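First, one chain by itself: the form predicted on its own, in structure tokens.
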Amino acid sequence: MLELDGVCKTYREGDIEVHALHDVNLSLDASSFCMIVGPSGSGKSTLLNLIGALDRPTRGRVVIEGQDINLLPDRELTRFRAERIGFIFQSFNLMPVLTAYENVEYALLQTGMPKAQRRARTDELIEAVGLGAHRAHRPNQLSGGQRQRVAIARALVKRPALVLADEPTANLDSSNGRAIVALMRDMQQHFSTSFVFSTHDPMLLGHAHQVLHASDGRVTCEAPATTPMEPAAC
């Protein structure tokens, strides 16, 4: 489902070159649950930006569902990202004037989906994340954990092949953080969607099929000993 082949990313800051990623090679099977761990500045966010087609590699290939995204013109890349990739943010990024239900439905409004199908899909996701009783609440009426549940439903409502989350538990206490990761794991199994997310919390590693360790722009891969699943190729 996802392959990175010799991926490097270099930024310029004035006259200085910053090598954010060095020669990253990995692959991820469909319906996987992958966790990226590492300190600040290790390359986690750069890696997620490349996987999410928010940026292009300086060198190497990022292939999603057989498509080398570096070969796509900007307009086609934007459409590919909108249709095939979902995003979950640590700050939730919900629209404050919309209800939980409307925040999820909004992701479908520009797809041309018929109203009845759009409503049915939104109802399904609101119930799947356990917010049926809070569907009419606006974000300021919800807890942090509930807002992140809305964000997860919004990311999944278009049935993407891949969902990316950059530190999705950073603004939650440890109990809510574990609950959110467990929910993402349930959603990954239920919808057969691949998840890739970054975290600083080592207590969450047992949930993953595959763990990527980022350090100084280099990425190594392992399967956590606590999971019985075989690791994806790295």
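Since the model is a prediction, treat every value here as computed from it, not as a measurement. In case it trips you up, residue 1 is the first one in the sequence shown, and so on.
Here the subject shifts to the form predicted together with a small molecule, a form of this protein not shown in this document.
With the partner removed from view, the residue among 178, 200, 59, 185 that has a non-hydrogen atom within 4.5 Å of the small molecule in the predicted complex turns out to be 200. The closest heavy atom approach of residue 43 to the small molecule in the predicted complex falls within 4.5 Å. A residue is said to contact a partner when one of its heavy atoms sits within 4.5 Å of a partner heavy atom; residue 13 meets this definition for the small molecule in the predicted complex. Proximity of residue 20 to the small molecule in the predicted complex: non-hydrogen atoms within 4.5 Å are present. At least one heavy atom of residue 39 is located within 4.5 Å of the small molecule in the predicted complex. In short, of 187-195, 66-74, 26-34, 44-52 it is 44-52 that has heavy atoms within 4.5 Å of the small molecule in the predicted complex.
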